[in-house]
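The chain below stands alone and is given as structure tokens, in the form predicted alone.
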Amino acid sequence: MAEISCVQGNIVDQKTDAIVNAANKQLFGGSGVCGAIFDAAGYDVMTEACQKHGHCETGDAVITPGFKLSAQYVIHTVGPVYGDNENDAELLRSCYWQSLNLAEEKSLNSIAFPLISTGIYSYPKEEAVRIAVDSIREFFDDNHASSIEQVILCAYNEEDAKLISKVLKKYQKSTPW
């Protein structure tokens, strides 16, 4: 079973096999997490790699090389814009599953996630964190032989780190992993 932990910092600095980008459907470099990842990886090469995929639907994910990042890969997933769909929670859950599936296909050992959809897509943070942790745990419940040993939930600021840590502690007390 993978270790799930919280780290406060910039996702581009994580020393994992893959980092996850909170992408847009067009897979263009944007602002926030997406812009930081494109800039750190090399904007032009990341844009070219993403354009080979064309686009990505909400709840799905695609993978590219990490280029100048320490992470070997970037997994781009499109989270839901909160309130646009009746099935926002299912789409957000799918972002985590699809990202983990891609990491598993590449036999990766570690992956770092940002808080998907909680920035300009306005997903309520506490609900998004619960969905993230539930989704990750469910993935490993269904994939006991996974190559993935470490999952990091990367919080950009102290407030988000406290929230993630609080949710992780609740889950650790209620159900053993």
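Numbers follow the displayed sequence, beginning with 1. In this text the structure is predicted, and so the values were computed from the model without any measurement.
Absent from the display: the form predicted together with a small molecule. The rest refers to it.
Candidate spot G59, G83 and A89, all three in 4.5 Å heavy atom range of the small molecule in the model of the complex?
Negative, none of the three is within 4.5 Å.
Could you tell me which of 32-40, 47-55, 136-144, 65-73 sits within 4.5 Å of the small molecule in the model of the complex, going by non-hydrogen atoms?
Selected range: 32-40.
Taking the small molecule as it sits in the model of the complex, is I11 near enough to touch it, meaning that at least one heavy atom pair lies within 4.5 angstroms?
Yes, I11 sits close enough to the small molecule in the model of the complex that at least one of its heavy atoms falls within 4.5 Å.
Contact flag, D160 vs the small molecule in the model of the complex, heavy atom cut 4.5 Å:
D160 belongs to the contact set for the small molecule.
Would R130 sit within 4.5 Å of the small molecule in the model of the complex, counting heavy atoms only?
Close contact is absent here: in the model of the complex, R130 is far from the small molecule, nothing within 4.5 Å, heavy atoms only.
Determine whether any heavy atom of C154 comes within 4.5 Å of a heavy atom of the small molecule in the model of the complex, and answer yes or no.
Yes, C154 is a contact residue.
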